[in-house]
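Next up: a single chain in structure tokens, the form predicted on its own.
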């Protein structure tokens, strides 16, 4: 059954498709974080990654930053939620080891939409007068061309990731994947050159044959590869499948407060294959 899935691959092979210098789109912590790929990404040779957090980042980008794989981060926030701040991110910013492109949630979604639609920019409101606008020279304030009175509006350029990575509950034998209500995952896939998805399982039949799943299914047309990884979002949760392991997130936050603690944690994480 699963052998017939187009683009079926192992998590290790999937991670090997991420190369140095790529722009990588990663999902917010509640949308299906592909944590099963992390040991392979860390062990691989990809460096100087430019991360786009859609629209915020947490454990996954923090690990990549701590492992020295990241050149820049575009995000509207970086946090471990109830476990506190992202320690590797904080250290790297203070040391000047990474570049940070401050953004807002609407701006990141607008940039992905511009890429999806193949247009040179997307117009949004709400940024004029903000500090974040002053630090983004690539965001422009223009006059609304459809207004006869002064009406400034911000335009943001497209965000075109080389690769989007995320985790979903299910893929079917045709390579379609179930994203449910997490429409930001579809935006990532539409905007990216390649999309790799880890899943809990592969089912027979088509997700489009079921009225309850069809509307929440991303077509295989937008999916480059699928890998099966049970509990592949751990220690994050996955809606309808399992809850987040808050204790594990807190353990990471405590260990990563120091570079030595992070290195010890990372060594165990990679050795254990990222599994609980």
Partner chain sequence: MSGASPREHLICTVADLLQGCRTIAVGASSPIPAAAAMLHRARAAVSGRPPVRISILGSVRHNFFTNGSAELFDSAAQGRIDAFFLGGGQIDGQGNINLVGTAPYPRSPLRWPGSFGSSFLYFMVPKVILFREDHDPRVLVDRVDFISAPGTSEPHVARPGGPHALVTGKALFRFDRDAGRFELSGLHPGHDLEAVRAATGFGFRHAPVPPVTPAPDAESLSLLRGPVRDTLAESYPGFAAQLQSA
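None of the values given here were measured: they were computed from a predicted structure. Residue numbers count along the first chain shown, from 1.
As for the form predicted together with the partner chain, it is not shown, yet the points below apply to it.
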Hey, of 155 to 163, 169 to 177, 104 to 112, 193 to 201, which bit sits against the partner chain in the predicted complex at 4.5 Å between non-hydrogen atoms? 104 to 112
Mind checking whether each of 48, 253 and 265 has a heavy atom within 4.5 Å of the partner chain in the predicted complex? no
Is there a heavy atom of residue 30 lying 4.5 Å or less from a heavy atom of the partner chain in the predicted complex? yes
Report whether the minimum heavy atom distance between residue 39 and the partner chain in the predicted complex is within 4.5 Å. no
Even though the partner chain is not shown here, does residue 131 get within 4.5 Å of it in the predicted complex, heavy atoms only? yes
Looking in the predicted complex, any heavy atom of residue 55 within 4.5 Å of the partner chain? yes
Can you tell me which residues in 79 to 118 come within 4.5 angstroms of the partner chain in the predicted complex, by heavy atoms? 79, 89, 90, 93, 94, 95, 96, 100, 102, 103, 104, 105, 106, 109
